[in-house]
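To begin, one chain is listed below as structure tokens, in the form predicted alone.
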């Protein structure tokens, strides 16, 4: 472990990047295949990549790029990329089709429905993943059952039910909700579509991570169109770590020897990756408790074992942030400087930018910024993974000043 820093509402741990093997299932060849499949979906288009030169100038970095996932398939979040691809691969397996022959419109056909019959997909979610799986089931003429942890916003539950899925809010946290959904799947013979893995359950989580590569592939193409060959720095938020592991694993392939300096960002009460890194023995650690945070999509205490080795070996820093950090990021994106593009970013989408701004503006965090090598030549890539999936809470934060930054 190289160093540890703390600032207002922020803890950071730095490590020497270990490197290691490239994750084969996240290769550019796999990404190309996944993106081809997404291209068969009606309404597919790359989401915007905003370039924020005025903010970059204020923060003293060379460039800031933010991938805005709020308009992905009309679902206000990136999760459909993984959920739909995993469901398609599951149907492909039942049909005996290889991945290169999967076509979303064909999977919606009555011929396919007649061959595979009625299926029920079940998942646990903090909101966005469950809505993506429910939407995929609706599109493909199948049924979905979604479990959500206690405290889930009613609007997220309602959005899932509007697809025709059954949604149930439990009395336990996210990780325990996953176990309840798994128990139900085994009892009923349903198909579990979960974005984390465990012993004996890796194929579907692998497919979900592969689905997320489309987002990273688009971003790199868009940066290249803007004349930037690669990002030097990457801020990735993590719940179970599937998105972060997928993006970083893909970039490990794309930029061998020049992998962007990566900071992984989590909520303070659900910082399972930071705690895993702090242990220093290479093993993942769980964190328990209520995991309470406004960052509902990141409120997870058990690392995805497919993502952990990637993040362990290739992240430079792990950060745990209080809720005001993401609130700051939401306000920055919603109230841009100069001619920078505006983005509506939800609580789980903006914490990376919130941390970047603090690193460059708070004196207490200047040593951490230096440890990351942030300077006027840095080209930073971030992913705003959701829009205002809880509009009332978004307004409380952005309009009413909930979760103010401390002095």
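Positions refer to the first chain, counted from 1. Everything quoted here is computed from the prediction, not taken from an experiment.
Keep in mind that the form predicted in complex with a small molecule is not shown, yet the notes after this line are about it.
Engineer: To test your reading of this chain, name the stretch in 313-321, 125-133, 223-231, 252-260 whose heavy atoms come within 4.5 Å of the small molecule in the predicted bound form.
Structural biologist: Result of the contact check: 125-133.
Engineer: Between the options 148, 272, 84, 242, which residue brings a heavy atom to within 4.5 Å of the small molecule in the predicted bound form?
Structural biologist: Here the answer is residue option 242.
Engineer: Any chance 10, 235 and 352 all have a heavy atom within 4.5 Å of the small molecule in the predicted bound form?
Structural biologist: Answer is no for this spot.
Engineer: Check whether residue 78 has any heavy atom within 4.5 Å of a heavy atom of the small molecule in the predicted bound form, and answer yes or no.
Structural biologist: Looking in the predicted bound form, residue contacts with the small molecule include residue 78, since a heavy atom lies within 4.5 Å.
Engineer: Would you check, heavy atoms only and a 4.5 Å threshold, whether residue 329 touches the small molecule in the predicted bound form?
Structural biologist: Residue 329 lies outside the contact set for the small molecule.
Engineer: So in the predicted bound form, does any heavy atom of residue 267 sit within 4.5 Å of the small molecule?
Structural biologist: Taking the distances in the predicted bound form, the answer for residue 267 is no, it never comes within 4.5 Å of the small molecule.
Engineer: Does the small molecule get within 4.5 angstroms of any non-hydrogen atom of residue 298 in the predicted bound form?
Structural biologist: Contact with the small molecule, yes.
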